[in-house]
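What follows is one chain in structure tokens, specifically the form predicted on its own.
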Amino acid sequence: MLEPGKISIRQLTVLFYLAMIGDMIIILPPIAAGYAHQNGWIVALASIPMGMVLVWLMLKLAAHYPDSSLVQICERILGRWLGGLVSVTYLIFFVIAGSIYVREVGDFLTTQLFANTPIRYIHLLFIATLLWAIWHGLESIARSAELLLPLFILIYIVLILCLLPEIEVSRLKPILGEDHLWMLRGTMLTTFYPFGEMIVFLMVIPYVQHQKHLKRDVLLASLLAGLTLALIIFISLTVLGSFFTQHNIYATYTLTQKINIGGFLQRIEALMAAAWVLTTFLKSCLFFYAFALGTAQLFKLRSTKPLYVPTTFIIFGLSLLVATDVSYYLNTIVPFWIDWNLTYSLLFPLLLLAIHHIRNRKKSVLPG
């Protein structure tokens, strides 16, 4: 196998939880408030069962081919050429998504913390760290996630507790007073952004040891991650209000600037920045890894390591090209990125499952 390492189910679920939160802990509150305003928390809660169905669909596909990655599943179901074509589209999705996450980190750090630092240097340092992580393999990434989980949970709990005195539930009124069609679109966005992008884990599942309770544990991780994001959206709406949450690009980061306990505990927004960069880093690692591994499997290479450095240059270049600035990213990429997520996390898996069942049915009715 191209990946010699193996990870446990616990490591997979930790990695799934942190990767699903990823960049969404910053990006999702403005999206939810933009479509549902003060009802964004309802949209976030409604997306959880829909998202879990989406994750279940992915796991259902993986269960039929437990020793194959997504690229290999496409080839086994659709054949060498058609399956290869679908695999190429997935690889394009992985590399562009990974580049966008790098760009998000660069935009955030240069606008909020390092205003005088050129964004290309932030990208270079971040991608160099990604390369170091990927070079040491999937096991190292999974173990890093285990080490970072307590730190993330500690930061998250501290931030929530410190913001409790600022909550005003009256900011959530009127409940269900918005256009239901816009709320439905908001639900779709809050479903396919965090949950849909977890299709990348179909590149990782073949390297999980003892997959007996895999489906149960991954679904539980998706539930917890969905609740974590929903709570952040709820806090944003009740502390900042729907208007400020909607029109503030980094609403969650701004939340931490509101913390002031006794005039002593304040200005701890660096904690939120650290938590967001950590989770986005792990998510970026997965998409970087999936692109390199999938490319090696598609072209029947013996090793993925020769692809790591070229992939680094591709992601570095794309991270500068995918958006001209933050406004372009929010106004152009975010509203239409759902079409990619919908295609790759729902339509293609449904198509693959349908063809798989049709072929098995034909085999079962053939004589002998």
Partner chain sequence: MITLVFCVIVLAIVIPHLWVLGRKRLYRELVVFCLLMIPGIAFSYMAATLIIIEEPLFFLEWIYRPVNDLFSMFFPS
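Residue numbers count along the first chain shown, from 1. From a predicted model like this one, the values you see are computed outputs, not experimental measurements.
The form predicted together with its partner chain exists for this protein as well; it is not shown, and the discussion that follows is about that form.
Of the residues 42, 61, 307, 48, just one reaches its partner chain in the model of the complex with a heavy atom at 4.5 Å or closer; this is 307. Of the candidates 162, 96, 221, 208, 96 is the one whose heavy atoms come within 4.5 Å of its partner chain in the model of the complex; the others do not. Using a 4.5 Å heavy atom cutoff, 184, 188 and 328 all lie near its partner chain in the model of the complex. Within 4.5 Å of some heavy atom of its partner chain in the model of the complex lies at least one heavy atom of residue 340. For residue 120, a non-hydrogen atom is located within 4.5 Å of its partner chain in the model of the complex, even though that partner is not displayed. At a distance threshold of 4.5 angstroms between non-hydrogen atoms, residue 318 is in contact with its partner chain in the model of the complex.
Proximity of residue 195 to its partner chain in the model of the complex falls outside the 4.5 Å heavy atom cutoff. In summary, the region of this chain contacting its partner chain in the model of the complex, judged by heavy atoms within 4.5 Å and restricted to 142-150, 288-296, 208-216, 275-283, corresponds to 288-296.
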